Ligand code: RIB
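Before any questions on how it binds or moves, here is one chain, the form predicted alone, in structure tokens.
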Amino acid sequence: MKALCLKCMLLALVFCCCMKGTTYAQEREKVLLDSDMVEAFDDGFAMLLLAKSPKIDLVGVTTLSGNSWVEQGTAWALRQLEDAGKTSVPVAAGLEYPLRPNRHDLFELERKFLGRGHDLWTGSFGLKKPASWQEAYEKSYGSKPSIKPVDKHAVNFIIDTIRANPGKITIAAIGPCGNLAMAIRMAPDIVPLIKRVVYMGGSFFQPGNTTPAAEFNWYFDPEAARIVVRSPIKEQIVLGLDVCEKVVFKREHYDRLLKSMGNHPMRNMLRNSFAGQSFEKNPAFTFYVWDVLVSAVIIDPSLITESVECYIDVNDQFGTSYGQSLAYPELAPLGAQKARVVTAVDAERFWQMLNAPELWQQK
């Protein structure tokens, strides 16, 4: 009898352990990354954090123009997923241009009119457009890819993914908002089905970086940003320049990262990047952390140490304040939605996360 009881207890223990493992898998947060992808720092690192975290189920990566042309971003996303051993993560290519017509053609004139911020970066406004993502891949890596994007536009991919997972999808919006804005316009029924959107965008309590008024991501497509932030999404969290320019990327962080990365393929990407080349030439060079912060706080929300609850909006009227992000503590324009604007994070713990050995292990 005692043997039978012991056997039953062991079976129950095994069952509980199996159930615990199943529950853990079910509780992984489903994240869709929407990005104007670049190599390594910092969209690439943002994607890697999500892809490798045991807390996250990265359900897909959607790309669009912004920091890069969508063709480049798609190629770089595919290669970095290959290098990370995460080739099962689907990649869908999206919008090539902002919603307002002729922005690329008129960019130089526009910048003279609006003024320049403290950052010289112009993204795809100053880059030659590749003929295809295949051309961009072969030009960057001198070989053909082992995987390819899914045969579905990013906008449709977003719609289908949200509908298939009602109330479960967190969108990490670390580029311009064009894909998400078009998804909302095409299928407004998805808005109440989105769990939350976590943005890298805007600059609410300090000047912009691309123009005196505007931060790059939301300046690239203010019309799209306004559509999204004014949608009644359950939860909106914004990491703009108000926090991003407080997390400074220094030579000591760069050297530590190179050591942590070991022989990982992204190590050479980092060394060849603008940041890497700048650190090699000038040890006193400093950079900021932007998109990676979004992934970090999705994985560990306790990294947020200060934030402000307010109504937010984006100015899409063409003029010197075009693309400016706006915050209202209480009284706000009709249609503005509440959001949590992050103003400080635990930078030390963030760097620990980025240097974790398991992040750079290759399987």
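These numbers come from a predicted model, not from an experiment. Residue numbers run from 1 along the displayed sequence.
There is another form of the same protein, the form predicted together with ligand RIB; it is not shown, and what comes next is about it.
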property: T161 within 4.5 Å of ligand RIB in the predicted bound form, heavy atoms; result: no
property: Close approach of N67 to ligand RIB in the predicted bound form, 4.5 Å, heavy atom; result: yes
property: Contact of I174 with ligand RIB in the predicted bound form (heavy atom, 4.5 Å); result: yes
property: Contact label in the predicted bound form: D221 to ligand RIB, heavy atom within 4.5 Å; result: no
property: Option from 212-220, 179-187, 255-263, 108-116 whose residues, in the predicted bound form, bring a heavy atom within 4.5 Å of ligand RIB; result: 212-220
property: Among the candidates L241, A92, L95, V238, the residue which, in the predicted bound form, approaches ligand RIB to within 4.5 Å (heavy atoms); result: L241
property: One residue of I194, A75, M200, V229 in contact with ligand RIB, assessed in the predicted bound form (non-hydrogen atom, 4.5 angstroms); result: M200
property: In the predicted bound form, residues of 32-65 near ligand RIB [heavy atom within 4.5 Å]; result: D36, D42, D43
